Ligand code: C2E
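What follows is a single chain, given as structure tokens, in the form predicted alone.
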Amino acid sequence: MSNTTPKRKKNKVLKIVRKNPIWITIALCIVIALVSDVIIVLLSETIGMYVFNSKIGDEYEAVSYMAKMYDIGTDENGGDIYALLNEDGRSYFITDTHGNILYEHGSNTMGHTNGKFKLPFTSQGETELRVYLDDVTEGVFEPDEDGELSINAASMFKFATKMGEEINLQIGIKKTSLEVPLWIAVDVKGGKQIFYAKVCGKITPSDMIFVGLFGIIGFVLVTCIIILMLINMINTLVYQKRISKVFFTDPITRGHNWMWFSFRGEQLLKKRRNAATSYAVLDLVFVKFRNYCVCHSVIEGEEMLNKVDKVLSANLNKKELAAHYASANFALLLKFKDREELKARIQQIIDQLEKIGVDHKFTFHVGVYVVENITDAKGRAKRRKDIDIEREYNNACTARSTLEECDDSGIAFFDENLVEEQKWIDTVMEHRRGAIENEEYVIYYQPKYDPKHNKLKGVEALIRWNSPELGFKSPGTFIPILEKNGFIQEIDHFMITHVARDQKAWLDAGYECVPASVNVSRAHFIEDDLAAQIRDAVDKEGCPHNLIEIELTESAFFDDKKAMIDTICKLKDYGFMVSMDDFGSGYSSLNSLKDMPLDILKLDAEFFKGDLNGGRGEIVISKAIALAKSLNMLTVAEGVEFKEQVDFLAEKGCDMIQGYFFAKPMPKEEYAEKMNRTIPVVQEIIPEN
């Protein structure tokens, strides 16, 4: 399964944390303000029209009365009615249905725009009027799709301003009013004639105050709502920043954490303007940090991590990042021009970090992964789209892991060889169970001889991997991988079972069997019933216990000492021999030899590389053999290749020799041919590469 799902989950978390509701709030404020303004304007216009229509209603009553008088007067009194109508002082005129003026009084200033008004309160109830605008009110009212007139606020403002300048508008006097002239049309003579009369809608200061007060109240309410929303927006912004700060802050260093580095790192690497910039992702590790915490305290260890973070932050340039990843790991994203310049800069940082302790010189390992620069066919830099900061950092960690065996500070760059190594690790782990089930692992045997009599005295069982798919593999290519990944215990069971099975088969075939040593990994000794497991596996194959020797590596003796002693005692009680393998390869503990009831001591092959003539090596080997004898332990020298070494070991009393001088590791069929035979001293065998 790929890592896309965890990455998707991480991005989802980042999206939630970095989600910015403030823009929604701002947009909402703007929408509410605009909508509210529109509503206030519309309501103000509606109320204004309502007030104005009420004023026109009074005028309509007078015009309607004049029209009725005209209807009645001409029928009974002939033309005498005009004199009566003229006394009203209102401008009016009468036309036929073709628009021909039949009579006219006063100034005819009627414009061309017409529409209708609905009067809410008249003697006839709600009445719809036909209205024509005056020359001076053209544009102040606009007809809608239904022909109904409504106020144009901007034109009304201009009209009011103009009237204030041109007509006798006495500002400051209570009875001052704004007169808006219109013309009302009323059908007369059964619809054969039309009576047009000029009316003036008088808008008083109290009317304007009423409408203005409504608008002010609406504006204040909207302003209050917007202010409250702005306050909420500011509070949300502050709260979001606090949450983001907490989310992206490392609790130990109080600096940035991995989540921040992951988010900002991908942003920087993906930006188009950074396409031509060379970047490197670093994994920096505080070596032996846990040891420091054990010797001092966790609190002091965290203080050191805080100092590391400060040093890293102080060494950053613009568009560079540093963050605490986990435990003693820090992630960095640095710009560089060339590798030598980058390496020198990293070394400067390490030099500073090594001095952060007053009484200590700390060491640091740094893994470096150079982020690839992408170019097009013309060599121009292209934006990095396929960036996964976790993948890049993992590559840096892989490079850094190559320094794990070194206690000094160091820098390691990631290369394709590491990729191949990782692929091989994956291949081994993928095939590990199938190799067990399909019997792909095979046992090789390397004899051990008595150097004085050249007699077969023992044999060591070694594992090989004969894969139909991958070919024949030596143990060094897969055993370290299985040890690191916890599968070595399965190999131990496989070895013990198959060696016991081979020994039983040789016994049944009449061979004179010698003890076969089988290496058991240190990881296996965490199990309390290990001795019983070995006993049961050997008993199941029917092999005598004295033909199985259990080898423990020297490093295993630095684990749980009590558990180790208990297991060794149980194995010896069951009749197995127990040996210490690779004695001298590490920091051997003489105290362990004192406490551990071992049967055999195996001298590491490193003792026998080079010339032993009169050197310190001869002294160490001689004393080790003498020490083993004084503890009633047998000695085995492994890795012996030359006759001079054999003669020296025989002289010092070494019990057995294992090495290419006598025999190399071989398949069990070839080993069986050497059983029950005395092997004479022969010429040296050239080791295989």
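Numbering starts at 1 and runs along the sequence shown. Only a predicted model underlies this, so the values are computations on that prediction, with no experimental measurement involved.
We do not show the form predicted in complex with this ligand, though everything after this point is about it.
The partner is absent here; in the model of the complex, the one residue of 579, 193, 253, 446 having a heavy atom within 4.5 Å of this ligand is 446. Interface residue among 66, 56, 656, 640, judged by heavy atoms within 4.5 Å of this ligand in the model of the complex: 640.
Only one of 343 to 351, 302 to 310, 385 to 393, 515 to 523 lies within 4.5 Å of this ligand in the model of the complex by heavy atoms, and it is 515 to 523. At a distance threshold of 4.5 angstroms between non-hydrogen atoms, residue 462 is in contact with this ligand in the model of the complex. At a distance threshold of 4.5 angstroms between non-hydrogen atoms, residue 106 is out of contact with this ligand in the model of the complex.
Remark: residue 475 counts among the residues lining this ligand in the model of the complex, judged by a heavy atom distance of 4.5 Å or less.
Of the heavy atoms in residue 280, none are within 4.5 Å of this ligand in the model of the complex.
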